[in-house]
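Here you get one chain, nothing else, as structure tokens; it is the form predicted alone.
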Amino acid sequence: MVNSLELKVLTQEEIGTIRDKCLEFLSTKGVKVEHPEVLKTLAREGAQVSFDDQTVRFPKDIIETTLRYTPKSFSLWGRRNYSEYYEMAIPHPDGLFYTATNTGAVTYHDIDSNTFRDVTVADTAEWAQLMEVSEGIDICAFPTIGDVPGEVADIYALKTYFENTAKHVWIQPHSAESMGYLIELSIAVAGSKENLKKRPIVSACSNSVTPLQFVPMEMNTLLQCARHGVPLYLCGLPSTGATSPITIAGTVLLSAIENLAQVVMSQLIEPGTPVFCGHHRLTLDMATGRSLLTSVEAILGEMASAHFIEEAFQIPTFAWGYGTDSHIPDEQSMIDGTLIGQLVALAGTDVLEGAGGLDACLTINPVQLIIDNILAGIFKRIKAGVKVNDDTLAWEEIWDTAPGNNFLERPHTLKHCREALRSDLFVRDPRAIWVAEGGKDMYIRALDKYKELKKGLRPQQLPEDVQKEMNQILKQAEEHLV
């Protein structure tokens, strides 16, 4: 019995070729790192650093050594009732994956007015509360708030999340200066630096600027997270034909080089830093100039990158698994989300990101989040595959059943009859019942569910001293950054 269904996109020979080229490039050509402290650390640890042009090369023996002690497993943590922690083991114990919401969106699709506007603090609070009651959502990434000063928008977002959800939070810093305050907020909620490192309730995203450049903001995120034991999502954002080669294979290679460079840097700064390697692929539409998230080529790129990292480096991975290029929840968004999620999940990744996202993840929509929450359960059920054992084979039941009889009244049927995945968003009733209940399509059913859930949404009840400390951190950030 296999643990889960899998799709193999690359052959072992192709994986070996890409891996060899990654090491050759990083050891011979190198990447640009724009951070003096990181450069000094890398030079001290054996990297070949040119301080004049900020180029860093990594000898192959250093790359191989750091890969050996890069964690192959670790845990993310969430909370229940504020003080009760729960663990999410990476990789998933059952060979499945965890679902994260869309990160960094700047636009909110207002359902009541059917308009698009900046995300507000109030939207962010409701979004967090909605994720809290969505069983399929495991990791909560925050949007970009538009009704507060931009210099502290990410600090407002993290504080608002801590006030409205106890699930694990994915941080996407907006500036080098804000990262310290984001860490302070996380320490305040965790209780201490030691608690945050022992049970990280947050993780953070550090990106390359494709191609092959690492700017101060991203390097500061990598540096601070490594020092505080905060798990890192390491990735770039290549757009084929624009910031990366126009071919899928070329983009996979470039992205792998950038991923591997960040892995090596994180381990040289702090050996044992928990990291994911990311697979964010966009394709430039040569007809419109728009970068697409769910083109066929983008999906294949996500699948190939996920497969490569898993096989070549055995490092946990994350990838876009939800989202659409459509601007609203519609037929296209349903097709896009189903294709990218199921195919990337089967190609193998530890975190599927992007739930609730529209417009190539620039926009969030609560109805889309309701739909993606359901899709997460479907993807997991399919990836889990078919379990074969004495009980599931139903050998005795088949043996004892006469020709022409049935299995409806068998104890075995009663034992398993509630195991099938049954979503309340899908029509399973006869047409007469569907018509009697209003003949609603899936969007309307999801909208109805959102409105019903909204009635019961509530913020978290944080201890007074923690709330006071978070307020003080935000005040200090506004005084120093705005």
Partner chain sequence: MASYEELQESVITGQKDKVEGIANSLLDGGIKPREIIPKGLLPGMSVVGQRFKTGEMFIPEVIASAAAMNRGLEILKPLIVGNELSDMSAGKVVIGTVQGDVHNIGKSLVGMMMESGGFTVMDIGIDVPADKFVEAVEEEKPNILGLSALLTTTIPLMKDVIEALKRSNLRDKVHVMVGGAPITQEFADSIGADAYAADAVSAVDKAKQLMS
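Numbering follows the first chain given and starts at 1. Being a predicted model, the structure only gives us computed values, none of them experimental.
FYI, the form predicted in complex with its partner chain isn't displayed, but the following is about it.
Trainee: Based on heavy atom distances of at most 4.5 Å to its partner chain in the predicted bound form, which listed stretch, 292-300, 306-314, 277-285, 76-84, is the contact stretch?
Mentor: It is 277-285 that comes within 4.5 Å of the partner.
Trainee: Go through L96, V121, V209, I269 and name the one with a heavy atom inside 4.5 Å of its partner chain in the predicted bound form.
Mentor: So the residue touching its partner chain in the predicted bound form, by this definition, is V209.
Trainee: Answer with one of V106, I328, A176, M88: the residue that has a non-hydrogen atom within 4.5 Å of its partner chain in the predicted bound form.
Mentor: Filtering the options by heavy-atom distance leaves V106.
Trainee: Mark A242 yes when one of its heavy atoms lies within 4.5 Å of a heavy atom of its partner chain in the predicted bound form, and no otherwise.
Mentor: It does: once its partner chain is placed as it appears in the predicted bound form, A242 has a heavy atom within 4.5 Å of it.
Trainee: Since only the chain is shown here, I'm wondering whether L362 would be in contact with its partner chain in the predicted bound form (any heavy atom pair within 4.5 Å).
Mentor: Residue-level check for L362: yes, a contact with its partner chain.
Trainee: Taking 4.5 angstroms as the cut-off for heavy atoms, does T144 touch its partner chain in the predicted bound form?
Mentor: Because a heavy atom of T144 falls inside 4.5 Å of its partner chain in the predicted bound form, the answer is yes.
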